[in-house]
Structures are given as structure tokens and as C-alpha cells.
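Below you'll find only one chain, the form predicted on its own, shown as C-alpha cells.
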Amino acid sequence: MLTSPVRLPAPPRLDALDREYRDAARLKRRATMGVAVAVIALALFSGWLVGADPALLARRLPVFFSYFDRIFTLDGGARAWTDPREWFWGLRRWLRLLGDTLLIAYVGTFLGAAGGFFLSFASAANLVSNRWLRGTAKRFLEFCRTVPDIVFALIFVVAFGLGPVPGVLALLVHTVGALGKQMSEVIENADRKPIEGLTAVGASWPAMVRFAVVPQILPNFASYALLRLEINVREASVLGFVGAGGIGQDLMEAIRKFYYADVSAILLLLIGTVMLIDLGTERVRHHLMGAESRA
């Protein structure tokens, strides 16, 4: 089978195309360099505006690293890892408090994920045509995720007293806002064909959501909820600083009283726990995303 030969442009035409390509590439490089210079200039200006002193950072940086050297030194002067029994003297208590932190994160994530899941449908533009209802849901989600969770924890500590309840409520509110926003975007990117098909046959709004939307977004929702659980474990440990339960309260006390070895021991327990949770949730997320791609 004969094929027609490929006709190349004449040399002058090739030169013109090459010049156009080089000019376009040059303009793109200039635009990229311009954006980079603008971002760096804004960062430097912002640092100057808020009083961030690079010279102070350079002078105090050795003190920062010396603190880490100090927390791995026992009271007797020996390195902490040479005497694990003395280093982790409060292991039984710390593990119990760490279990409280995990339970606070789990309950807050579970309840917050449920609230965010239902509110995400009300804030999705492709499911709700009423602007007032959709706008109210969006503003509520913005409020939940904009206010820092430690501020919510302080408010709930004043209202309910010290303990795990303020921590659970703070994580619940923040999780509602974060997951509600993420899931509303997933819903808005869902395939329109099942939605239009069920609407055309007269299905009610709840039935359309149940059978056309939920099967599409469920793997993504589970993946985001697992990621949020990992985040909330870290957040729950910080909320303990304000008396919201968990191991954070002991960590804050060790920092305030300069119990250096205790600080490193508690930090290692937290880091190890978060790593294990990260490994477990990562495998589950990959499994869910693999099942979604196969579907």
C-alpha cells in the first residue's frame, strides 16, 4: 500500500515557525520569572511589614537546635536513649492519655463527617437551585472551618469545663466545615447523567441523591474522612493545651515546667501514633481509590 510522502514546509517557513516557537517560549519564561519575582518581593515586603527579622532568625537558630539537644538529655546528664526506663517513666499514664486523644479524634471525626456529609448536599450548586438555602449552607460551612479549632475549644471549655467534651465539640465543628466544603466540590463534579436520568423519570430529590449521587461520591468521602481522622489526631493533642482532654495537657505541663525528657518522650509517642495511623489510613484510601477506578 503506497502512502503519500510527507511534505515538509519550505526552509523559510521552517525558520519562521522556529522563531515563533522561540518567541513564545521566551515570553512564557519571562512571565514565569515575573511571577516568581513578584511572589518573592511580596514575601519580603510582608516580612518587613510584620517585623520579621531575618537577622534575629539567624542569631537564634542555634538556640532552636540546642532545645532539641536538651530534650533528649536526662536530668543526670546522660542521653535519654541510654536509659529508656527513666525516659518513659510515665508510659502507662501517657498511653492512657494518648488513648483519650485517639478517642476524642475518632468521635469528633465521626460526628463531624456525618454533619459535613449531609450539609454538602445543601451547598452543592448542581443539586440545590435555591440560592438562599445554598448560600446559607455555604456560609455556615465557612464559619465552621474559618474559626480555629483551638478557639472553639476555649469557648467550649468555658461552657462545659475541662475534659474531653470540649475537644470533641471543637473537632466536630471544624470537621463539619472542612469535609462539607470538600464533599460539595466532589458533588458538583459528579456525573450529571444519572442525576438527569432519575430527575426525568420523576424521582424525588432524596431518591435522586441516594441513587444517583451517593454511589459516585462515597469512595471520595471515605478517603477524605480518613485523612481528616489523621489530621484530627494531631489537632486533638494540641487542644489538650487548653484543657480539652488528652495527652496534650501533660505535654503542655512538661513544656511549662521544663521537664525536657518528658517533652521528647511524649512527642515520640505522638509521632509514632500519627505514623501508624497514616500508614493504616493510606492503605485504606488506596484500596478505596482503586475500587473506585475499577468501578
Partner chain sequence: MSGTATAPLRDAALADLQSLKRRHPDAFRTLDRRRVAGLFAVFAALALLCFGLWRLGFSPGLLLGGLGQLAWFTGLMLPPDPGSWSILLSTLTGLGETLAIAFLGTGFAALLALPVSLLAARNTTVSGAVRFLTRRSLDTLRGVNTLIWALIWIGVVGLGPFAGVLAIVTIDVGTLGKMFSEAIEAADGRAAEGITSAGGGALHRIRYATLPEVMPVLAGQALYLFESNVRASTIIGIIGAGGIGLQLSEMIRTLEWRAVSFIILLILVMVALIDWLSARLRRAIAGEAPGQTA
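Numbering follows the first chain given and starts at 1. Think of the rigid core as the biggest set of C-alphas that the two forms share within 1.5 Å after superposition. What you see is a predicted model, and the numbers here were worked out from it, not measured in a lab.
The same protein also has a form predicted in complex with the partner chain, omitted here; what follows describes it.
Considering Ser204, Thr146, Thr82, Ser129, which brings a non-hydrogen atom within 4.5 Å of the partner chain in the model of the complex? Checked against the cut-off, the match is Thr146.
On the criterion of a non-hydrogen atom at 4.5 angstroms or closer, are Tyr106, Val151 and Pro164 all touching the partner chain in the model of the complex? Each of the three qualifies.
Is the gap between Leu251 and the partner chain in the model of the complex 4.5 Å or less for some heavy atom pair? Residue-level check for Leu251: yes, a contact with the partner chain.
Are any of the heavy atoms in Val242 no more than 4.5 Å from a heavy atom of the partner chain in the model of the complex? Yes, Val242 sits close enough to the partner chain in the model of the complex that at least one of its heavy atoms falls within 4.5 Å.
Touches the partner chain in the model of the complex: Ala113 (any heavy atom, 4.5 Å): So Ala113 does not count as contacting the partner chain.
Any non-hydrogen atom of Phe156 within 4.5 angstroms of the partner chain in the model of the complex: Output for Phe156 is yes: heavy atoms within 4.5 Å of the partner chain.
Neighbours of the partner chain in the model of the complex among 39 to 64 [non-hydrogen atom within 4.5 angstroms]: The stretch 39 to 64, when checked against the partner chain in the model of the complex, contributes Val39, Leu42, Ala43, Ser46, Gly47, Leu49, Val50, Gly51, Ala52, Asp53, Leu56, Leu57, Arg60, Leu61, Val63, Phe64 at the 4.5 Å heavy-atom cut-off.
Is Phe258 among the residues whose Cα moves by 2 Å or more between the shown form and the other one after superposition of the rigid core? No: Phe258 shifts by under 2 Å between the shown form and the other one.
Relative to what is shown, are the Cα atoms of Ala43 and Arg145 closer or farther apart in the model of the complex, where the gap shifts by 3 Å or more? Between the C-alphas of Arg145 and Ala43, the gap widens in the model of the complex (3 Å or more compared with this form).
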